[in-house]
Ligand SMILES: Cc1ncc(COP(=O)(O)O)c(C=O)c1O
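One chain is shown next in structure tokens, namely the form predicted on its own.
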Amino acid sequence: MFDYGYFRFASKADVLDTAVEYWNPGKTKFWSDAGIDLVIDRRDGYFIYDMSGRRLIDLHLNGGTFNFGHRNAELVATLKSALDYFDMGNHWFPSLARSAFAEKLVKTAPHMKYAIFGTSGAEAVEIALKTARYATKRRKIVSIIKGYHGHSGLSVATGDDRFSKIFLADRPEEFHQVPFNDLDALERALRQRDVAAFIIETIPATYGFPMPNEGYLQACQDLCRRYGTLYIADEVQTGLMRTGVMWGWQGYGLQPDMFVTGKGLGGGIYPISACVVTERCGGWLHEDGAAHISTAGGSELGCVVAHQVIDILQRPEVVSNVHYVSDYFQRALAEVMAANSDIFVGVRQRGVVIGLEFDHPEGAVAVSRALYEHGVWAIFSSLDKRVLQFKPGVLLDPDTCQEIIDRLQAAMPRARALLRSSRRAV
């Protein structure tokens, strides 16, 4: 019997049966069919434990949500302390925690003016798109093919049709997509001067972390300026020091009109997201500050935790560790690839944002399973299954870095066997 006080289950099979019946049958069966029978029980730092007690190193991090690991001790203590004084708060009124965190967040990007809070990255994107329409008095939004910006009403229309068609939200007339790294296509989309915003992840995550060509992002921003379109940087997965600087766009010398952040902003402890905007974009906050309402957006508890998240990321020793982890994996992965070049053909990396490319249409699916069997959890990219999302945390220690590489090396023969059987099946 697995007794958690609030609820109990007889076995892992009991949990899976309950998930199928009451939660999400499609997602539960997908992982079961893929040979991944994970039900996360205990979690500690960068380690997660299945109900069976089996330990896995977490390289998925739920898109960077667990940038600091699971149940980071400093953030747990911060939340516990905050509960002695704060609760969610009331979104209608000025707030101690909300005001303090807004100031701290805006000061990480000096050309920005206001922080507008939500609960998720998708909500932050919604805020950004609505803000762009207000500021420009235009309706059209441009994004990239295979981009991803969330699953809510407006945000899902900017992404891949896998996520929009099922809800009849694909290709509304105000939304247009262009290929990544194609400046000519972007200019054709903008030249009518009727586009409110161009939104792009600094490095597209769900697409498998393809890297922007040299000068591409700067040229995108320049085109936006030329045609009166606002540039929105989606930093939900590339922000918070994951590219080696606080915000990925800073490493490319950009000054977006807005950027959005979420996931790791709450440290895996309390959900919070934000859309950070310039003075011009924040005009609606003066005209009608209640034009966007989010009861839980900018919860005071979330603001206290996120304030501490930014504080931790600005510590010199943490900045130094991010660069250590990045450099370590750059060297080590090059060696692993050289030893397995028949299947492992590329590394896409900026900081600890890393994608491993395999020479098979679903190569990363096989490697993900092989790693799972060898004690590492890393997920394949939903929109390019050749690429494994390999996402080390910013606080990883040298011993765990080495263990990850050792387990990756050990998993490669199993990955090769899975790929051989996959080719035979085809």
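In this text, residue numbers run from 1 along the sequence as written. None of the values given here were measured: they were computed from a predicted structure.
Another form exists, predicted in complex with this ligand; not displayed. Remarks below refer to it.
Interface membership of Phe117, defined by any non-hydrogen atom within 4.5 Å of this ligand in the model of the complex, is ruled out. For Arg98, no non-hydrogen atom is located within 4.5 Å of this ligand in the model of the complex, even though that partner is not displayed. Although the partner is absent here, Asp257 sits far enough away that none of its heavy atoms falls within 4.5 Å of this ligand in the model of the complex. Using a 4.5 angstroms limit between non-hydrogen atoms, Tyr148 touches this ligand in the model of the complex. Just one of Gly239, Gly121, Gly267, Gly302 comes within 4.5 Å of this ligand in the model of the complex, counting any heavy atom, and that one is Gly121.
Just one listed stretch, out of 324-332, 76-84, 121-129, 98-106, contacts this ligand in the model of the complex at the 4.5 Å heavy atom level, and that stretch is 121-129.
Residues of 88-117 placing a heavy atom within 4.5 Å of this ligand in the model of the complex: none.
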